[in-house]
Every structure is written in C-alpha cells, then in structure tokens.
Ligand code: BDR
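The chain below stands alone, shown as structure tokens; this is the form predicted alone.
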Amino acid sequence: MRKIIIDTDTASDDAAALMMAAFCPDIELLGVTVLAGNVSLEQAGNNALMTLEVCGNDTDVYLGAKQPLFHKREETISVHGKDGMGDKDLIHPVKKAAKKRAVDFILDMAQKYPGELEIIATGPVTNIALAILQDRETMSHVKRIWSMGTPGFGPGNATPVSEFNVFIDAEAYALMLGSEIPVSIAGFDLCVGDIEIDKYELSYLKQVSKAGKFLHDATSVLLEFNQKTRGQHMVDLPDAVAMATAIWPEVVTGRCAVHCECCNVQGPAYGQVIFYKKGSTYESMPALKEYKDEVITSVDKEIFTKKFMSMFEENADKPAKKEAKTKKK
C-alpha cells in the first residue's frame, strides 16, 4: 500500500482533497502536515483536523511553518473566507494537533520508508523545503512529490505569471525543484475551466452525507466569489484535481516530462516557473540532460466528477471515528 503524507494550508479546496485521501482505500495516510498560506498556521491545523473528523478519520495533524523561508508572510485575500472554510462556524475539532513538528515528522517518515514515501502538497512547500535544508540525504529517498502549483502552461492567479502556492514562497519551490526528488505538477491551468463542481452537485452532496454537507458549507464563500466575479454558479477545486492525479491514476490522460526552473528574485517574474519540455530544442541554452519532473497536461473530467461524487455516496454511513491506519507511538 502506498505511503502518503499530505502537506497543506487547508482552505476549502484543500479540504476536498483531504477528504479524497481520507476515503481512499488504496493508500496509507501516514499524517497531515500543515503550514500558513491561505490562513494562519493554527487555523490551517484546525481546518485539517475538522475535515478528517467529519470523514471519520483519526490521522494525526502536524503543525509546520508559520512564515515563508526568507520573507514575512503577507495576509492574502481569501476566496475561501476568513477562516478558509466558508465562515460558517464549522471548525470545532475535538482532537488537537500532534506535538511533533511537521518537518520532524516528514523526515521520520522519509527515513522509515525510503523509496516508498510520497508527499502530496496542496499548498506552499515551505515545510518540504525546510525538511530538505535540514536533511537533504534523507529527503533524497522520497519517492515522489505531487504538487498543486505553478500556472502549468497557462496564466497565473497570483500574478500574470505566478500561481498562489508558488508565489507565497518561491524560494521554497525553487529549492524543492532543485532537489533530487521527482515532482509531478498539477498546474492551475489543469485545475480550472470545465473541471468543476456546480451548485447543483454541491446541493446534492449536502443531502448525501455529513462530509458532503461540510464541503457544501465550506465552499460557500468560494461559490459566492465565482458567482460575483465570473458569473458562474460553481466551485473550482484545484487541490482536489491535483489529489486525483496522485491517487486516481485513471484520471490522468496526458503528462509531459520537463526540466523546471523557478524565479525567486523579487520583481514581476517572482514565482514564475519555467518548463523546458523534453524533446524540445532551445537555441539560447545548451541541451538539458535531466528531466526528472513532469507536468500533468490533461485529465478526464467525466471520470473525475463520477469518482468525486460517488466517493461521498459510498462513505455516507462512515462512523464518527475511524481507527488510524498508523499505530500511535
């Protein structure tokens, strides 16, 4: 069974992704590490704990970075609400975050499961970068990192060329890309457009299960934002799409091997990630020898929607608590 850590800043789309992992029978969810991004560290931790709780999952949550690597965290305008979860007073977890720090947990699992551990990052990657800085040799044995980050081959959402998760801490993203770990990237262009959950599907999920109602309420501010700014009665869930590429391989219909460079110099290009495609010729630079990373270029919308919706139906009667898949030490 695959060994998985989810690293997240837990807003409503991260919660959707976390639910997918919590309900997936094909993975062993070792733990969830959180950091500040969409919301503060403490809020992100509580959001993750509450999401797992409504899924009947007792996986431990570990608190990580409060700030980016080299600059102060700036408050951002959240399309998910001030608490990241729709401002519906949903977040009252019974369980507390684990005492062990996120970076220490990541390194412990990388050491325990060399060549097996996979990390799915749905937020900025500061925790991962800190783990690499602390023990690069141990982290070199991570099997793969799955990242919801970069604009892919389209425009950014933080700036014209940068996507939010990278823009928050481009230094961390550059460090991750420069490590030995293979990275699979689901860019923002892959995760928006015609792959979305509309308000009718959300209303249906509200009736299906406790988890469905939780997601419906948590995405309410996002739904209102899309209605006002785009005239669309839907929620886009980039982190859920990225999670799907990691745990539902049949969803992926296209991928491209690349060499990546991330701009971490302050200025208009800060956070831009440049992809050099394998097989392409670039006259201004010598041929590259390493293409360890990949960009997911297309997914099957119908398969994604069917699996996402049926997940809530199949888990409608989950008990309030489920035994953790990992033994507590």
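Numbers follow the displayed sequence, beginning with 1. Given the structure is predicted, the values throughout are model-derived calculations rather than measurements.
Note that the form predicted together with beta-D-ribofuranose (BDR) isn't included here; everything after this is about it.
Among 184, 209, 157, 138, the residue placing a heavy atom within 4.5 Å of beta-D-ribofuranose (BDR) in the model of the complex is 157. Checked against beta-D-ribofuranose (BDR) in the model of the complex, the residues 148, 125, 85, 119 give one hit for a heavy atom within 4.5 Å, which is 148. Of the heavy atoms in residue 214, none are within 4.5 Å of beta-D-ribofuranose (BDR) in the model of the complex.
Using a 4.5 angstroms threshold between heavy atoms, residue 219 stays clear of beta-D-ribofuranose (BDR) in the model of the complex. Under a 4.5 angstroms non-hydrogen atom cutoff, beta-D-ribofuranose (BDR) in the model of the complex lacks residue 169 among its neighbouring residues. In the model of the complex, residue 38 approaches beta-D-ribofuranose (BDR) with a heavy atom inside 4.5 Å. Residues of just one listed stretch (128-136, 173-181, 193-201, 158-166) have heavy atoms within 4.5 Å of beta-D-ribofuranose (BDR) in the model of the complex: 158-166. The partner is not shown here, but in the model of the complex the stretch 185-205 reaches within 4.5 angstroms of beta-D-ribofuranose (BDR) through a heavy atom at 188 alone.
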